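Here you'll find one protein chain in two forms, each presented separately as structure tokens under the names structure 1 and structure 2.
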Structure 1
């Protein structure tokens, strides 16, 4: 039996439940409505995949032509913790995804997790780049077992374990790779043993065709596409020095405290109507975990930036200090700290502190000595928009930007993200820090504002977003984008 991704299992479970209750299957429109998606094409693709995997049968001539073939209740969800190197060790990473696997593959005792394989050092054991391995968590292994090993509490690798009087060896299953010998001054921690392999044809990989064919075979970037998946995993697959501008809106790590909601039925001026405090699981990590997360994605961001490129990272006091420290740790020179002032900031209902009315943007580059990053000084000086009460035409643009947090109706017409940035902010960044035709990367794309701003500004884009729901919203927005919009309003 072939495994299912988390979203595929959710759709199967909904169809199974619907048929049990009503005696007939739901339509594609009803499935779309249940999952609050804006596009039928996404649902159609999932149904096709479930049919190809043998879980569903469908009759395209009937509105309710879906029927069940296999029981997804025979599957169990396990965490997909990230990527493991079947090659040279890579930094250990953990993510928050999950996949569904047959119960028959899971032992009755012990914890089991999955890892996606990167590299080809284990091909003679039928473990190839892109496959997923099921791992039983344990700290000991016998000679010959395939293990997940952590070296010096930092680098992770997948190899065969051998130990004798001379010491410990981690053997590849490919003659093109060298044995790793654990030296006396090195620490080795066994994280688990491999139970089984899920071949990449089982579609566990996120967009395998996109990255395998476009990057590895054609040596080109996945231009003008939104990739559904984990940011760090996909950043690692992009070539060195391939991106002109990164506009990153990472989790701020601020989803702590109580849920707060405010509904302004009367349309109180300046408050922007109904709003709520975003409380999201992806935005709530222990401090050390958030610091490590920031190190991982920013290290990859630095690697893929061109010497002429730069990066801007959104933040607040919750995370801006950490991003600043990571910039300096990685050798990313800070060009400016920009304050985005929002006149229509959310109200402070508790009355126990000043009303937060700004966010920050850290702008950095990697070529510290030569400083070849692009900046359109002339356009920044000439810029004028009556909505910005601080900027005067012909005067230098300062590091405080007066940009209301309002969004045009078309920006939220197809759905929205809880931390969605307005196009006006994204377009200003892209216009001043990149040139027409440049590649703009949004590693936390959300509802796609950065990508939409890039498209409407004559740039190319790449977006990465973990949640398929927001990928669908972003793609729908991009389909209705207005090409070559004027960057700035002129007097």
Structure 2
């Protein structure tokens, strides 16, 4: 279903009444003037979105080239009350926004409201992070219905409802999440049942402070833990300015449109064995969804980062441009773009392009007014590892790091991740951009390389990872972390 935000509906209504009065459409300039906006590009963006959503057509060659496709009177505004967790329950929050939805989607009886979904526990029911659900307010549900559940009058969550002789279960629609069993001493209030889902794709959010306003922050940090769950929901719970260093290895969106099944049972050097681009669910988002996803987690990352801290994000050409754009949009100042050169990259099989042999690391900080981020310049200059053919001892470290993508056997002893980072690259970042005792956060922890590097370097860590399988590997690795390992090889 395609809906309009309040502003999109206002613009649609203005165009409709303008055309009714004059018989032709307004120019972008006239729309801008009517809404007292300073930039034409905002109007342009709204018109694009309305056209993409099928509400109007436009001819870019004409100054008055807009025509309507759907009648505004067929739409109805309903309240968008806030965010609902599809993952771990979060504190129930309310805010007032509204969205326009087709009248046909609203039942003739009863109250309907909308909630934006945070988390991925309902993905098997095609309810994804960032989607909006339409909810009919009611206090009873049948088995199997998707409900908005309020636990102990405090935590709200979106789950499937089941009741039998043993009691009430709230079940996720994603195997990585646990069923919630309502205990005797817990109170459950059904707030409504889900009628429909509005997909987030293509929607440009008008209220960038949505998440910041919604969550009352909890004041403690889950130090030295790998949390199983969605990065955005868990980042939202962390207090402002509490983290010293974020090392993020997000999904690169590599699988997008790509059907390559690249199985390597033989153990490819540099890839830690089983490397398969097998359309991983978490690595296969439409472009705009990936953009929105990046905005959301990076907005939270910026909020929780200390002004003295910094963030480094791994990427390839698939996502690095988006991360760079989001940094700049959010006001995260870019310090360097580092090229991690992988001398031993796997050869290009088809021979139709150059052999991809690097990844990038975008390094940014948030203490913009006065640059206060930590950088161990002395150590970066002294750094010497004979396996890096580009770095000379006593010379400044450059932005190209020559680090073979090999994993030592101890790195893969307890299991592997298809895109596992070698400890050596993580340790170099941590050694130069944080201090002993600092808190290092890995929001996409995978098999735990960043957390392991932090632990072995005398830092504290927090990892977040969606997939329980990788959380288990990470925990096992961390249990066997060796604090005696040198930060990097010395000459």
Ligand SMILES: C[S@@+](CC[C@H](N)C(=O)[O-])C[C@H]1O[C@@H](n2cnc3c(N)ncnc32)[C@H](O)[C@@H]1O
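Here the structure is a predicted model, which means the values were calculated and not measured. Positions refer to the first chain, counted from 1. By rigid core we mean the largest C-alpha set that fits within 1.5 Å across both forms.
Between the two renderings of this chain, the form predicted in complex with the named molecule is found in structure 2; structure 1 comes from elsewhere. Once both forms are fitted on their core, the CA shift for residue 303 between the two structures remains under 2 Å. Relative to the superposed rigid core, residue 124 undergoes a CA displacement of at least 2 Å between the two structures. A movement of the C-alpha atom of residue 9 reaching 2 angstroms or beyond is seen between the two structures when the two forms are aligned on their rigid core. Core-based superposition between the two structures puts the Cα shift at residue 20 at 69.1 Å.
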